[in-house]
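One chain comes next, on its own, written as structure tokens: the form predicted alone.
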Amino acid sequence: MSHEELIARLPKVELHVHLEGTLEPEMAFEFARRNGIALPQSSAEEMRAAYRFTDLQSFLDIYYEACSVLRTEQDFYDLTRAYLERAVADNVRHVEPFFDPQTHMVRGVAYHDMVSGIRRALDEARERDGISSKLIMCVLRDLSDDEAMATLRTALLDAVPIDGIGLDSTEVGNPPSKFIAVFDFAGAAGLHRVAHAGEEGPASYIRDSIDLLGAERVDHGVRCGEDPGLVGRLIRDKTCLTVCPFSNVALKVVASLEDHPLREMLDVGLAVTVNSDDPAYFGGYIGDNYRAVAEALGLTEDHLAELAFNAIVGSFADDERKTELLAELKKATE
């Protein structure tokens, strides 16, 4: 079968997608109208035209600005449902999305409103489309560890459960060591732990995320090649890396898709996966990322199947669900 056919058939698992990063400009303006919020741009087209980023911070400035339209439980439900509808079209079978409560709580949005809206959409998708999920709350690394701890305590006291904690936002100057106490507390509470590392920050942040924070997965991790010893360890431990090709190009982590280290990472045995990160801003959802890297890097059918396999194994789905997904993968590649 062609690569296009195989990619369409693959049962995909998305491990690195920020729900706020799925806010398409048209939806942002819809929410702005219903919540009485003025955006700096006059149209969705003008907003999309502003998506010319030079680095992570230039993206975050626009990202946080757009987040201001998210105010109600219905907003978070609608946002999540829209993402999940696109996921169905890409044959996503399991998803573990991120959300950033601190971004919204500072504007007076109740934590319960956002998490209940998100969870309602995820639960409906499981019943309607058979998409299983785990929900990961991220804390912002450019804010203090005390603020992160307060947010975590709020989440743990809420009636709506979360499944994990993540660490995102500005990486440079905000090392993993800043959040040891927060992640220790999360681990003691039974939450899965993941962390963004090795995107703009050095390879040492990857090592510290694992050693100091207990991260079970590394989000991005593309700079691991700077430390051959670390690469060997990641291979040996089968540590899942949630790589986001379009994001890496858009934020100038790599010059182009053709320069992306993903194929090399696969070939040396790293447990690499493909994800969309913030697809409304970076030009495409998970299927778009699969198709683009397959063409740009000359990936084989075996590479593509391996990407899907790594995501299933690296997910926090239970063993029964992983067995189901692996069976779907076997059938898709026959």
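Bear in mind the structure is a predicted one, so any value in this text is a computation, not a measurement. One rule holds for the numbers: they count along the sequence shown, beginning at 1.
Same protein, other form: the form predicted in complex with adenine (ADE), not shown, and the subject of what follows.
Asks: Only one of S169, Q102, N174, N91 has a non-hydrogen atom within 4.5 angstroms of adenine (ADE) in the model of the complex; which is it?
Replies: The option sitting close enough to the partner is S169.
Asks: So which of A308, L270, L56, A28 gets a non-hydrogen atom within 4.5 Å of adenine (ADE) in the model of the complex?
Replies: By the 4.5 Å criterion, the partner-contacting residue is L56.
Asks: Tell me which of 66-74, 276-284, 38-46, 298-306 has residues with heavy atoms within 4.5 angstroms of adenine (ADE) in the model of the complex?
Replies: The contacting stretch here is 276-284.
Asks: Although the partner isn't part of this model, could you tell me whether L60 comes within 4.5 Å of adenine (ADE) in the model of the complex, counting any heavy atom of the residue?
Replies: So L60 counts as contacting adenine (ADE).
Asks: Would R217 show up as a contact with adenine (ADE) in the model of the complex if we use heavy atoms at 4.5 Å?
Replies: No.
Asks: Answer for S247 alone: is it within 4.5 Å of adenine (ADE) in the model of the complex, judged on heavy atom distances?
Replies: Yes, S247 sits close enough to adenine (ADE) in the model of the complex that at least one of its heavy atoms falls within 4.5 Å.
Asks: With heavy atoms only and a cut-off of 4.5 Å, decide whether E199 touches adenine (ADE) in the model of the complex.
Replies: Output for E199 is yes: heavy atoms within 4.5 Å of adenine (ADE).
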